[in-house]
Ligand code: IPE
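As a starting point, one isolated chain is supplied in structure tokens, in the form predicted alone.
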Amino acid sequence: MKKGEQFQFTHPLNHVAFIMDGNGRWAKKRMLPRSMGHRAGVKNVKKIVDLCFYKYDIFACSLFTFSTENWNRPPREIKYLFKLLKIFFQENIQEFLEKGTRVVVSGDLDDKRIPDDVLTTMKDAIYRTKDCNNHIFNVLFNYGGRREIVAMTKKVVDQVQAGKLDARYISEATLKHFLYQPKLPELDLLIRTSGEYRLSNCLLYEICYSELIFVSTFWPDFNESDLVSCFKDYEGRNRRFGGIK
């Protein structure tokens, strides 16, 4: 995007998600430890979220921060990731409140492996911003698409067994009600950085009619120009939703 150029949407984009990939490779390319890549990646979260919310007025933004598979990483790296996440919330909660941005978390927060201080920090952010309605910042933490579907299925079964739900009338709307964040708008666009072409268990149910864009840029280097390029690509898509246009 040229300096001074202002991008304007002509098609609705209410919810964008990011698979923020490439922190480790960004660091390796610069002969830095992986921790520095994660640090640079978290720093970039604020820049991209601010652009999405406060410049381009996108209502909801989902970021894949820690997956159920990420527990397979070295304990030291996991500990550092959690530290960065905690700091991020502590440093930005006041601005989220001032600008009316609600924090929600998608994922299994009952996992006993999650440190108490990290869990407390996230729950505090959720509680303090619960009445904010200008934007929604959805943090995918300890998240897996398959695990979400399993959890959703268990909740439906519990409701049926308790006599609160008639199995004959289970619909797509019924299932959506039991997602981690059922009130989020439909996912319009998912962007994955770093040149990988896979979903990595991200939002498998929600992604049904989303537009997918894969870019080669590592997440710490992903900037406004890259973001606008993705928006322009999205604008050029013909979203038919199974119909004919």
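None of the values given here were measured: they were computed from a predicted structure. In this text, residue numbers run from 1 along the sequence as written.
The same protein also has a form predicted together with the named molecule, omitted here; what follows describes it.
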| item | value |
| --- | --- |
| Among the candidates Thr217, Ser210, Asn70, Gln181, the residue which, in the predicted complex, approaches the named molecule to within 4.5 Å (heavy atoms) | Asn70 |
| Val105, Ala125, Leu81, Ile136 - the one with a heavy atom within 4.5 Å of the named molecule in the predicted complex | Leu81 |
| Contact test in the predicted complex: Arg34 vs the named molecule, heavy atoms, 4.5 Å | yes |
| Heavy atom of Phe66 within 4.5 Å of the named molecule in the predicted complex | yes |
| In the predicted complex, Ile19 touching the named molecule (heavy atom, 4.5 Å) | yes |
| Contact test in the predicted complex: Lys47 vs the named molecule, heavy atoms, 4.5 Å | no |
| Stretch in contact, per heavy atom within 4.5 angstroms of the named molecule in the predicted complex, of 147 to 155, 108 to 116, 72 to 80, 86 to 94 | 72 to 80 |
| Stretch 21 to 57 - residues with a heavy atom within 4.5 Å of the named molecule in the predicted complex | Asp21, Gly22, Asn23, Gly24, Arg25, Arg34, His38 |
